[in-house]
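The form predicted on its own is given below as one chain in structure tokens.
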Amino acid sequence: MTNTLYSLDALGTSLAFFMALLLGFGFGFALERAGFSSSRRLAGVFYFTDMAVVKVMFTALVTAMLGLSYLVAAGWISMDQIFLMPTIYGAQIVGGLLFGVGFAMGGWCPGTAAAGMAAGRIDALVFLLGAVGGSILFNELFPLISGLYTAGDRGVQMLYDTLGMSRNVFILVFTLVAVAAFWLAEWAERTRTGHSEYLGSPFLKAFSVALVAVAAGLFVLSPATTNSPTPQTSSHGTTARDETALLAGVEKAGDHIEPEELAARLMAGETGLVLVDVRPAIEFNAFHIRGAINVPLAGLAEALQPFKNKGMVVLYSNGMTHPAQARDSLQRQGFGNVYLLTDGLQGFRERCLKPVSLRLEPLSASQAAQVNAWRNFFAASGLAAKTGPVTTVTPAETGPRLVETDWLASQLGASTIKIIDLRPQPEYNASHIPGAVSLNVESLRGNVGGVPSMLLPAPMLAAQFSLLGIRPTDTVVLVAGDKFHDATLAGMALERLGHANYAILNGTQAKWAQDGRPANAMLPIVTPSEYPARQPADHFTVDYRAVAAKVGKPGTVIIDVRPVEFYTGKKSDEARAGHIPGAINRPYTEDVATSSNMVITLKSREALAAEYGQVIPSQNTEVIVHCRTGHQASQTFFVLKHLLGYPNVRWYDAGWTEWATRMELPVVNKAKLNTPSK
């Protein structure tokens, strides 16, 4: 199968420009040779004195029709690789009338005028200038005539379907009509002028017989040719190539996907399923189906190019009108894998998320369990909350927080899985998990309020994740190198944005390589998103005032996760040495285990629960974790909050860097206290 520039989406490339230029010169040369650089000769068609326009037009139509049909029959090209002009009755009728009047008045059409101008015809130049002026006028008046622009839009329609013919029969009939037009044109010229170059000539006879024979040959080469050349993939993966089958599919909702089927596919994490919400961003941000991406209608074709005829694309809005119009538009642009959500968002809420207790019809136990499973799964998007009370879903329940290499390997290629590689760029460039994007974890930190190495404010973090193409509905998987806490620090950035659905690869990149998982050095294509900055999402970061207020107070445990020598004051890299009064030291390194192959993994939940249970009195105890700059403490936060389920964990980001410089704040230096006095 030969790929076309249209199917490769390469019409804007330099190769396409060169080919268009070459074809343009060839077309102009052919027009000039046919005498079309003379408006007098062109106007002769209206007086039946020179029928060259009719003969050239039918020659071009028949040549293109037969040539293309043979290429398709031979399997060298597919019709879905060619742009097919949609039928828009209102615009095309009015445009045809304007074109006809202009041709009758001036004797030129745009193509022949270009040939005439090249031959030095002043009237051709005037006509072209008028065409340019008309285009400008059309552009300026478009808001007033936009309704006409799409009036009578019927999509891609084939004349042979309308006439009830097969494609081969239509081609043969049209060829016979063209042959008859050639003979009639010659007869008209002889009747009006007394002269005809080809009427009754051996050439016209041989030419006519050859055309009919070539058209008839299609019945032998491709006897089973179906009506419509435009492929349409059904929800079952079959391909129908005729408009009749397509309309039959529409009648049977073959272009739809039911809410229950969509819910099941989303819960199963189906690879290749792209769910697109075409509503305004404000409505999308208020609530949407979990896993959906938000794409404005105007940018739909561009945004979905990576998914063109790959997998399944499902469009939805509140209802079905806009998605149906968008699907028709995408189909005309060659998308054969786009479907609608039956009854739109309203139908999804009514059929999948409506509480069992509010339904009029009785449900079986299995049906009720299915509804509850859907509600629990999709509640994370915030949509289910609009339909009634639901079971509370904690952030940890939105997906696995700590994932192994087998889980991630099974998710590769999923449109809603985004992998962020936090290793140094040279290591990333050498080899990384397919599809992973690179991020320097230090780019998430900066000077805030005079304190260095602070996690950046939400808008700045949102801007960075937007550049990475991260969307609020994505499952983000963080992959570290030799520092597990690089991944947890990136997790804190997502926490600040309220992005609950993220996970960390246990064992880091080293475990992925050790397990022989796929890797490459290809840079992924990233489409920037518009990640919203949710300022109220951060309720866990505390400042020095909040920490100072808890010092010595019962019910709160402050954990200093720095190495022991920094906690005691034996070593120091800040303004003062020591620790916050009452703080308990549990180094972050005690959370992990390192194998002989330098694979870093977190200890088991059971081991971590037992160890932290020795320093934290109860599950409901308020815990404040800190280190020097918040980096190492992010790991402790992750372990306590998301693996062990402690509900009241706070993160002192500024940590010892800030506390040590504020001389009004108390410090305990055990190393100094234990130093013998002289």
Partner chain sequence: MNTNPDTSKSGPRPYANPYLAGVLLGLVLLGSFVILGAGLGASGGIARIGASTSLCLSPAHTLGSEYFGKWGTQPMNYYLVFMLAGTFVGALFSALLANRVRIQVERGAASPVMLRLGYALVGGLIAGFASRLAQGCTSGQALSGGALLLTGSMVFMLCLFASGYATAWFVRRQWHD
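Numbering follows the first chain given and starts at 1. Everything numeric in this text was worked out from a predicted model, so none of it was measured.
What comes next is about the form predicted together with the partner chain, which does not appear here.
Annotated contacts: Gly35, Ala64 and Ile82 all touch the partner chain in the predicted bound form [non-hydrogen atom within 4.5 angstroms]. In the predicted bound form, at least one heavy atom of Val45 sits within 4.5 Å of the partner chain. When the partner chain is considered in the predicted bound form, Glu140 lines it closely, a heavy atom lying within 4.5 Å. In the predicted bound form, at least one heavy atom of Leu148 sits within 4.5 Å of a heavy atom of the partner chain. The closest heavy atom approach of Thr629 to the partner chain in the predicted bound form falls outside 4.5 Å. Here the chain stands by itself, but in the predicted bound form one stretch of 560 to 568, 115 to 123, 594 to 602, 366 to 374, 115 to 123, has heavy atoms within 4.5 Å of the partner chain. Contact annotation: of the candidates Pro426, Pro296, Gly75, Gly134, the single residue with a non-hydrogen atom within 4.5 angstroms of the partner chain in the predicted bound form is Gly134. Between the partner chain and the residues Leu358, Ala430, Leu523, Val101, the one pair within 4.5 Å by heavy atoms in the predicted bound form involves Val101. In the predicted bound form, the residues of 23 to 54 lying within 4.5 Å of the partner chain by at least one heavy atom are, in order, Leu23, Gly24, Phe25, Gly26, Phe27, Gly28, Phe29, Ala30, Leu31, Glu32, Arg33, Ala34, Gly35, Ser37, Ser38, Ser39, Arg40, Arg41, Ala43, Val45, Phe46, Tyr47, Phe48, Met51, Val53.
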